[in-house]
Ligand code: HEC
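What follows is one chain in structure tokens, specifically the form predicted on its own.
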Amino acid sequence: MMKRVLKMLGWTAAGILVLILLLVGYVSASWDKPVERRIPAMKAPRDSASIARGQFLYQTAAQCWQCHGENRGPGGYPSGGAVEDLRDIGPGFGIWYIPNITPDIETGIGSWADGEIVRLLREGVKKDGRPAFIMPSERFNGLSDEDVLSLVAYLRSFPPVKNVVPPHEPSIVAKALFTFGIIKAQPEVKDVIPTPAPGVTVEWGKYLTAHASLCMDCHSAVDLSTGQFYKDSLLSGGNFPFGKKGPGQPYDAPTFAFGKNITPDAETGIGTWTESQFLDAVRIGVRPDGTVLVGHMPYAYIGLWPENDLRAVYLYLKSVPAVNKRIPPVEFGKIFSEGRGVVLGAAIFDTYCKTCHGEAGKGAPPTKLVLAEIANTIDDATLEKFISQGQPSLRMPGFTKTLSKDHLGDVVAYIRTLKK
């Protein structure tokens, strides 16, 4: 009897193993099959106004450079190659490489038709018909014809950069999700999408928040098994942490944070914030309590939006359902408790100052001030006072409620090391 049971268990295990092997084989052969999807018959304009609008969307609103920029920064050209290590995210998606989107014919998008770029942006379908991954097409799916073509026009304005990007290394889980349509292209855009009339309205605020910026991506939770937003809790806080590097490496930045709840919940969201307080937060980076937001929140760029756009966003956020959801506070790395002097000053600078002032103070689009060039023209006391008090007219937040006097001294010590 026992032999019969063991024999049955053996055959069962063998059968399961065969099924697994067959499934793995099927997934490996089927995951990247192209989808049938028409190419929109659209042509991007080449006028300066359209290119300027595309530049605003790329650099300031959607901030495409955060993935595609050189060294993932706002400068340089979007020649790709950055690594997204997703082996430790959700079920593990493998390693993905950000593509080259300069107009290089061989390694970039120089051979793509304008409609193919539009299809990728809004529907997540690549030139070869295969679904894209990571590309925020769920948000861009509602981007207007005018705006998406302006983005194409701006991308066409870059000089071609030849840079061969390695092929993706998807995990078997990622391949399975593609195979069975869990990760898939966005719905086909069949009709014209007009640009809503700009103004201090809920409709315009919704368009900016949901389609033309990063707000939804950072502040909404994502189903880590599909990559799609949880529709019943939009804007109530993200579950994809900033500062995560990869398996066994929890930090690539001094801080670790999640996008906050920005629904009008009075307890856990921004329900008690006035319009003025909201504008201070998104333009200068100062919370209602006077503390400064960490650099994961790109207020330095959002603050460059027209004021009426930001007021429209505030109206829209006040109109969405309030969700009572508490998001963990910012987690600071060991450097904040164990570091001293220049080392700690560098970490503080990276956390609070780099977004505006650039890597090593060498400048960034939000400010024309190149800190590395003027640091030695200001004495320590004046520099420390300026950092402490700030200057709202320059969109420089005051850190008196955020940093201790010792920490201010550490930042000044680090700034003294900056070189042109």
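Sequential numbering from 1, following the sequence displayed. Fair warning: this is a prediction, and the values are worked out from it, not measured in the lab.
Missing here is the form predicted in complex with heme C (HEC); even so, the following discussion is about that form.
S.K.: Counting only heavy atoms and a 4.5 Å cutoff, which of 185-193, 312-320, 87-95, 169-177 contacts heme C (HEC) in the model of the complex?
M.R.: Going by heavy atoms within 4.5 Å, the stretch is 312-320.
S.K.: Between the options Phe229, Phe242, Phe336, Tyr77, which residue brings a heavy atom to within 4.5 Å of heme C (HEC) in the model of the complex?
M.R.: Flagged contact: Phe242.
S.K.: Could you spot which one of Val200, Ala221, Val342, Leu214 gets a heavy atom to within 4.5 Å of heme C (HEC) in the model of the complex?
M.R.: Of Val200, Ala221, Val342, Leu214, the residue with a heavy atom within 4.5 Å of heme C (HEC) in the model of the complex is Leu214.
S.K.: Can Lys260 be called a contact residue for heme C (HEC) in the model of the complex at 4.5 Å between heavy atoms?
M.R.: Yes - in the model of the complex, heavy atoms of Lys260 and heme C (HEC) come within 4.5 Å of each other.
S.K.: With a 4.5 Å heavy atom cut-off, would you call Arg156 a contact of heme C (HEC) in the model of the complex?
M.R.: No, Arg156 is distant from the partner.
S.K.: Examine Ser50 and determine whether its closest non-hydrogen atom to heme C (HEC) in the model of the complex is within 4.5 angstroms.
M.R.: Ser50: no contact with heme C (HEC) in the model of the complex.
S.K.: So in the model of the complex, does any heavy atom of Phe140 sit within 4.5 Å of heme C (HEC)?
M.R.: Residue-level check for Phe140: yes, a contact with heme C (HEC).
S.K.: Does the trio Pro131, Trp273 and Met297 actually contact heme C (HEC) in the model of the complex, every residue with a heavy atom within 4.5 Å?
M.R.: All three within 4.5 Å in the model of the complex.
S.K.: Using a 4.5 Å heavy atom cutoff, which residues in 384-398 contact heme C (HEC) in the model of the complex? It's fine if the answer is none.
M.R.: Phe386, Ile387, Leu394, Arg395, Met396, Pro397 sit within 4.5 Å of the partner.
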